[in-house]
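The data below hold one chain only, encoded as structure tokens and taken in the form predicted on its own.
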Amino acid sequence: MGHRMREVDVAEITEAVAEMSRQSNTNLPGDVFAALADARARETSPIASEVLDQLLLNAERAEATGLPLCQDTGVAVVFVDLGQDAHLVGGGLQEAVDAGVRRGYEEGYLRKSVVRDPLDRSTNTGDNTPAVVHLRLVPGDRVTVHFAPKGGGSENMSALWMLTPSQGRQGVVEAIAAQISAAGGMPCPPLVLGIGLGGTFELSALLAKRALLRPLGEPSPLSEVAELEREVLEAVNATGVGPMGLGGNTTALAVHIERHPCHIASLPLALNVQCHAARHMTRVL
């Protein structure tokens, strides 16, 4: 062997996931709080302003009391970026993540929202497991764990289209604006929109979910993608859906697009809708 592997005990992953599942459900990230406050400052509709005031107050109260921001504490979605020079010891990754979710959701008195059989609602697993784990191998010897509990109401308004290449840019903007307009208040706006553009059927959806991890409102490093993000945000806010669907000019706080090359005959587009409780945390082990 050319160099030594760095050993990481999966117990550390369990510990990190347990802590993040409790904290992320009660502490709204600073970037999200700032975006809500900024939206409040720019909002012109009185009822929308009142709703935004309530959301800001709710976030402050949740943090002060240690109670969840929202009763829907989500499916635990965990992105693990595993350095290829790190060696996990002490057990399996999925089991370690699930142990963390089990502990965090029980100790935090968080709602258990997972059913074992999608067609039988009486099969609640009782501890919010299993988590959805996305594993990516990266250079180096660190293990980065992103924790993002995903609420059902906003997830239900997500969509995936296999557009034709001729629909192009306009087709992309129109599909998203129409979807958000039709969703109305159901996904609990103001929203954060994760968008996957290109790739294949399944990759576009994964890119859309991953886009939600980006710090709120941080534009894409690619200028033409950042421009498209601004265009989509404008189109979505022009729908007038507004906070909680009650009208106003704040329907979305941010649009994050992740782009990937695709087949000449394809134009996959995935939209992952996130409510105003955009909860995510990261630990590097």
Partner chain sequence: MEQMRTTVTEREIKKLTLPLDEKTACSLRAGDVVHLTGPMYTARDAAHARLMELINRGEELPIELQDQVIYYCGPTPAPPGRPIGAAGPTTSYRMDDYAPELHARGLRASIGKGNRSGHVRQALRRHHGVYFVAVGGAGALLSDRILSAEVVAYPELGPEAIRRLEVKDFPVIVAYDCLGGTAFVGEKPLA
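Residue numbers count along the first chain shown, from 1. In this text, all values refer to a predicted model and were calculated from it rather than measured experimentally.
Note that the form predicted together with the partner chain isn't included here; everything after this is about it.
In the predicted complex, residue 46 approaches the partner chain with a heavy atom inside 4.5 Å. When the partner chain is considered in the predicted complex, residue 156 lines it closely, a heavy atom lying within 4.5 Å. Mapping the unseen interface onto this chain, residue 223 falls outside it, with no heavy atom inside 4.5 Å of the partner chain in the predicted complex.
The partner chain in the predicted complex comes within 4.5 Å of a heavy atom belonging to residue 241. Segments offered: 197-205, 76-84, 165-173, 181-189. Contacting the partner chain in the predicted complex at heavy atom distances within 4.5 Å is 181-189. Each of 55, 109 and 245 is positioned with at least one heavy atom within 4.5 Å of the partner chain in the predicted complex. Shown without its partner, this chain lists 235, 216, 51, 228 as candidates; in the predicted complex, only 51 has a non-hydrogen atom within 4.5 angstroms of the partner chain.
Residues 54, 55, 56, 57, 58, 60, 61, 62, 65, 67, 68, 69, 70, 71, 73 of 54-85 are found to place at least one heavy atom within 4.5 Å of the partner chain in the predicted complex.
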